[in-house]
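Quick heads-up: it's one chain on its own, the form predicted alone, in structure tokens.
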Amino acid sequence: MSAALQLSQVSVPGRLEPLDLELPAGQLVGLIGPNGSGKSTLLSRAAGLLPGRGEVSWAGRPLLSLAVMERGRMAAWVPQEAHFEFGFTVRAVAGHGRYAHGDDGRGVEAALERLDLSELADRPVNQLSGGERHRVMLARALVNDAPLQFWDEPLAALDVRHGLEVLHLARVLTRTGHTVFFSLHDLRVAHCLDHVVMLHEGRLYAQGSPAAVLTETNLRNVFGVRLRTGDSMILELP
């Protein structure tokens, strides 16, 4: 399977050391690492939102070779925090995801329903809770239907039920060929993914299957925690 996303010697001076990464289409990929390890920097650079060195290619085409609107149809972005100065409605913000498609409104109502936002559709986004605003941004990304989905800590502000629903949504997207690349802190979630990328101090420390990356040695060296063996993953201080 060809790589949908390929990073070749990608770096951001002072924040991210050069790294190479290839992610096939249809994978659920988790980006893990301690606070300040470079997760948001890597996602932003891969999504074309942050300047840096190296080359990012999508489906074999360099990022900079794509026209702005085509780039907007290729990738969707969910920020770690969503701030709104104006009182656009939930429906309007979700609809912004179709901008690169000509603002045709396609899929907006379905996305709102999928993310449990239908009853909030006419509410101003600046009157919502943090978790609700985050789901609005996920709805905007879903409406885009971009083959590459970059989500920066999509589970951090969500309660348990909505977090599980978002994980299920990500898995459904991969079944239709989307690549979902997202950062997370809950290492129990990482065990359910197709591929895990581990950063440490701005460097690529490990990547591969969850079993290959979430080893006792890696967890101790990168996170300073110990893995207790057993039927479930339990972490504790050494």
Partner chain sequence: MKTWARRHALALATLGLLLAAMISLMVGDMPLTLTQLWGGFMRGDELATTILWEIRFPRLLVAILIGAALAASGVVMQAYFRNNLASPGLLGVSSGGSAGAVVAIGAGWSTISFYILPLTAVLGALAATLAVVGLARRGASTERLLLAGIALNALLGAVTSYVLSNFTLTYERNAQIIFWLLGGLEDRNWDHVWMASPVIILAALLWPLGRSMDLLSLGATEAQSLGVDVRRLRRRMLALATVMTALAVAVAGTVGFVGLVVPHIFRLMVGPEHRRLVPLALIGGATFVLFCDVVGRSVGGLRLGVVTAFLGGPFFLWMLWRRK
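Residue numbers count along the first chain shown, from 1. This structure is a prediction, so every number in the text was calculated from the model and none was measured.
Note that the form predicted together with the partner chain isn't included here; everything after this is about it.
- When you look in the predicted complex, the only residue of R114, H96, R106, H162 with a non-hydrogen atom within 4.5 Å of the partner chain is H96.
- The listed set V172, L49, A211, C192 contains one residue whose heavy atoms approach the partner chain in the predicted complex to within 4.5 Å, identified as L49.
- Contact annotation for the candidate site: R71, P79 and H83 all lie close to the partner chain in the predicted complex (heavy atom within 4.5 Å).
- Listed stretches are 182-190, 62-70, 196-204, 26-34; the contact stretch with the partner chain in the predicted complex is 62-70, by a heavy atom cutoff of 4.5 Å.
- Taking non-hydrogen atoms only, L158 never approaches the partner chain to within 4.5 angstroms in the predicted complex.
- Contact between R133 and the partner chain in the predicted complex is not found at the 4.5 Å heavy atom cutoff.
- The shortest heavy atom separation between A75 and the partner chain in the predicted complex is within 4.5 Å.
- Although the partner is absent from this view, A100 contacts the partner chain in the predicted complex, with a non-hydrogen atom inside 4.5 angstroms.
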